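Next comes just one chain, in structure tokens: the form predicted alone.
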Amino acid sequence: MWRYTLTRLLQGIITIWFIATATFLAMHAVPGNPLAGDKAMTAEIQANLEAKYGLDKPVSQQYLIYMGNLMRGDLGISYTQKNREVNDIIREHFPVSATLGIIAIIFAALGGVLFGALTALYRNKWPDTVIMLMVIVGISVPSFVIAAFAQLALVRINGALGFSLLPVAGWGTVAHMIVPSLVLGLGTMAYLTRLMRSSMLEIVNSDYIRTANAKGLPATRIFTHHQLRNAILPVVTVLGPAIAAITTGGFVVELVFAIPGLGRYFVQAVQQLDYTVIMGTTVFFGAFLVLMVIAVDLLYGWIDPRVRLN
């Protein structure tokens, strides 16, 4: 177990190094000057700024400086936000994205397991048909479209009621989190529902399920102790990447609902060619995804005793 854990951690470090290197090369391949947006900049000021950020050095030397800073946990200083470090941006705004993502993944996981189990139990009946139709919509329709329709629906509902039932945008209270979390988690919930349904249908016809029925075990016990526990394993497998994807991938939802999360700063950094913020947030997102995948691999072995991690 320890050997497997150390191996996965080493693989994760190599993956993060590859992400950091690829991001660094991609940023330097993009045309444009990240300091060109400053107005009334003299040649002397331009040279001083380039020296401060190391842009006057060869690319190979810049890479070595960047990797050395990265190993110390220093992601650099933003080009566009004066005297503000990338670490501070992540520290201040990632908790907002994480809170939104955690609520969304709870909604997605609970809904996916529940609806997936219901579609398997009522296969080819009207609950199955209705839920699977909703799954198709959830997978097919982009999140920004759902977000726009959700905002429009809130405006109509609040107008009809004469008071604000739920805020249309913003952040700060539990009420602000409900609709954005539902919108963000809807696509993942649809995917988990389909995955749970397929897994449940495979297990229903297994030998141990028929044996449990033959022994006369209650249907509820068979469902909770045998069907649900084994059917949920594929869901757990994809839950780690899903957590990372939701937590770090709510860029559009954060923009639509005016949420001050890390996604908004990443989009702004791309628009403004803020290299350090782009590279820092990309490496941070990549490291978070790798960590979630490793955690799920270990959790999978804990849930299923048949799995042997060497």
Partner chain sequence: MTMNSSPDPALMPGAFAPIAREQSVHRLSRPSLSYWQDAWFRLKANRRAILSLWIIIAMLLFTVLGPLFWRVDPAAQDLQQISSPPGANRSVVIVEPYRPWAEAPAAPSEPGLDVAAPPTTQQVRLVWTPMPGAADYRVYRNIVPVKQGGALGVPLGTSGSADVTHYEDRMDLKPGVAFYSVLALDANGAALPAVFTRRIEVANAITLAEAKARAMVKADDGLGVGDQIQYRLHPLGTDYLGRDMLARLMQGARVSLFIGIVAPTIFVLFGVLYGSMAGFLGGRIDQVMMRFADFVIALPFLLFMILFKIAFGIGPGESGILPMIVAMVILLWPATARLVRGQILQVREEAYVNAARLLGARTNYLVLRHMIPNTFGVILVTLTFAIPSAIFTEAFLSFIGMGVAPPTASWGSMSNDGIKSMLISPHELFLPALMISITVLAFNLLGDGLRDALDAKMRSRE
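Quick caveat, the model's predicted, so the values are computed rather than measured. Positions refer to the first chain, counted from 1.
This next part talks about the form predicted together with its partner chain, which is not shown.
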- Note on the structure: Within 4.5 Å of its partner chain in the predicted complex, heavy atom basis, the matching stretch of 74 to 82, 111 to 119, 98 to 106, 131 to 139 is 131 to 139
- Query: Within a 4.5 Å heavy atom cut-off, is residue 61 in contact with its partner chain in the predicted complex?
  - Reply: no
- Find out whether any non-hydrogen atom of residue 158 is located within 4.5 angstroms of its partner chain in the predicted complex, and reply yes or no. no
- Spell out, yes or no, whether the shortest heavy atom distance between residue 237 and its partner chain in the predicted complex is within 4.5 Å. no
- Counting only non-hydrogen atoms and a 4.5 angstroms cut-off, does residue 292 reach its partner chain in the predicted complex? no
- Message: With the distance limit set at 4.5 angstroms and only heavy atoms considered, check whether 125, 166 and 259 all reach its partner chain in the predicted complex.
- Response: no
- Message: With its partner chain taken in the predicted complex, which residues across 146 to 169 come within 4.5 angstroms through any non-hydrogen atom?
- Response: 148, 149, 151, 152, 155, 156
